[in-house]
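We begin with a single chain expressed as structure tokens, specifically the form predicted alone.
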């Protein structure tokens, strides 16, 4: 049976052994970000599960909250923002409707279309997730002072902008 995952420094040493042109500083940053992303995703997934939500449902709740009161969007708009097909969006909304998290009603301005809205229960579920996530995130950053947090945030935004520019 293989040993547990090597430490970050061990992984970089292995990579350097196999690929001598490797920049260890770049590799350290990129692999640390990758490991952090994976572990945070697991933690957030567990938090959602304790509240009876899937990651897919959380994404819809976020989209509805992001538009502000009265927290309504057309299903096609949500699907486009999440990169889903209309059929996948319909299935997701059906589950959320059954759970009491959203409503689906005819759009008064265009009776052919439906509009998805956030229920009080859906908003409360969103708030519960946010409370748990905020506590976890505070725990995660507890060893950084405000200046370090701001600096880290600025650096990560720069990296995010670089990746976004590269992918566009």
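Residue numbers count along the first chain shown, from 1. Here the structure is a predicted model, which is why all the values come from computation and not from measurement.
The form predicted in complex with another copy of the chain exists for this protein as well; it is not shown, and the discussion that follows is about that form.
Taking the partner from the other structure, another copy of the chain in the model of the complex has no heavy atom within 4.5 Å of any heavy atom of residue 95. At the 4.5 Å threshold, heavy atoms of residue 54 stay clear of another copy of the chain in the model of the complex, well away from it. Although the partner is absent here, residue 108 sits far enough away that none of its heavy atoms falls within 4.5 Å of another copy of the chain in the model of the complex. Proximity of residue 50 to another copy of the chain in the model of the complex: non-hydrogen atoms within 4.5 Å are absent; the residue sits far from the partner. Contact residues in stretch 27-45 (any heavy atom within 4.5 Å of another copy of the chain, taken in the model of the complex) are 27, 28, 29, 30, 32, 33, 34, 35, 36, 37, 38, 39, 40, 42, 43, 44.
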